[in-house]
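What follows is a single chain, given as structure tokens, in the form predicted alone.
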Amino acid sequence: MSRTSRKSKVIPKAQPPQNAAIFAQDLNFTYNPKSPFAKHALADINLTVGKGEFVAIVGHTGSGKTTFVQHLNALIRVQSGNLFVLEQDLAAKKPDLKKLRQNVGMVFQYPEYQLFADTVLADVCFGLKNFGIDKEQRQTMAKDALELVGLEFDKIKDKSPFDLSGGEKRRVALAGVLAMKPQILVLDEPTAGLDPRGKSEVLSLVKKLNVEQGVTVIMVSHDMNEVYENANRVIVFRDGMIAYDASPRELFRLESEIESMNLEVPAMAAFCNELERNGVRIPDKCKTVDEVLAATLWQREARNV
């Protein structure tokens, strides 16, 4: 686990480590610079995310997490410091934004609000068309994406997006991003507003993309239970800086410090912490009810041998 603070030393531009999906070096950003309303949103962010990681980014409102992720496909341009995404230098004067945005898919909070076309197929094909992909290939890629998110292509392609359920709309919006086959998927509160079933479906899909296809996932979330159950690594932003960078189990053992940042300790993490306070050591990889129960029973049997 690492805890970082702001540094004043300027480090010469370095090349990203091998197999890095994201490499930030002394990344700073100020809104309304040189004005009375200036706000320093990012302060010397140094961070490496490897290809294929599932990283959750958390923090209270105004902590800098959204500003950071909007840098990843150049919605916000680098103002100070260095940032490489899939080895592309985003601090360069003219980065290849078309290539970047083909490889970094962004799914914003309530993405279904961005659905607009007459049919599901037209909506999913919209981004593909903008990137110059021909009609026949667009339809094939859209079909693959819709089936990937669990929707039957022939049944849904001609429907209006506005006639779908909330969960279906969310999956159609996600299909529009996945159709580009991004190497990095950035999700901003991906389950906001969904019922429990819809949340489970979306998170299962994201986990499947990460595990089976090696897609690097960056998920911004306020739901610590979702973070705990799905991410392999959690980065906590506080006042524009990285306060903690740890595995979910390591991080949520720090109950008092987590709560001091106005974040909740996940229910399973709190349960495991209580077990550990009573002498039952839970392996860090055990995060679900079944995994924790199995670990507890194994230790009980081992003591009775």
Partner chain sequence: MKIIKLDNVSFYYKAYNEDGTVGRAMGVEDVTLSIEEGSFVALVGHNGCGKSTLAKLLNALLLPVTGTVTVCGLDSSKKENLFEIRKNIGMVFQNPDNQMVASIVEEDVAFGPENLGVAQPEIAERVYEALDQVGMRDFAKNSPHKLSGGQKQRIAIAGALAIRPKVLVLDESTAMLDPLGRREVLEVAHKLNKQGMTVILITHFMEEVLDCDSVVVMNGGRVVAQGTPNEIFDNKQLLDEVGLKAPRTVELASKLCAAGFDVDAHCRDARKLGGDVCQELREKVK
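Residue numbers count along the first chain shown, from 1. Since we're looking at a predicted model, the values are computed, not measured.
Just so you know, the form predicted in complex with its partner chain exists too; it's not on screen, but the next bit is about it.
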Item to complete: Assess the spot marked by Gly193, Asn278 and Val292: is its partner chain within 4.5 Å of a heavy atom from every one of these residues in the model of the complex?
Response: yes
Discussion item. I'd like to know if Lys135 sits close to its partner chain in the model of the complex, meaning any non-hydrogen atom pair within 4.5 angstroms.
Written reply: no
Fill in: 4.5 angstroms heavy atom contact with its partner chain in the model of the complex for His60
yes
Worksheet item: Does the 4.5 Å heavy atom contact test between Ala270 and its partner chain in the model of the complex come out positive?
Response: yes
Worksheet entry | Heavy atom of Asp245 within 4.5 Å of its partner chain in the model of the complex | no
Worksheet item: Considering its partner chain in the model of the complex, which of Lys143, His222, Lys207, Lys181 comes within 4.5 Å of it through any heavy atom?
Response: His222
Discussion item. Between Ile45, Val265, Val236, Val55, only one gets a heavy atom within 4.5 angstroms of its partner chain in the model of the complex; which residue is that?
Written reply: Val265
Worksheet item: Where does its partner chain sit in the model of the complex: which of 146 to 154, 208 to 216, 222 to 230, 84 to 92, heavy atoms within 4.5 Å?
Response: 222 to 230
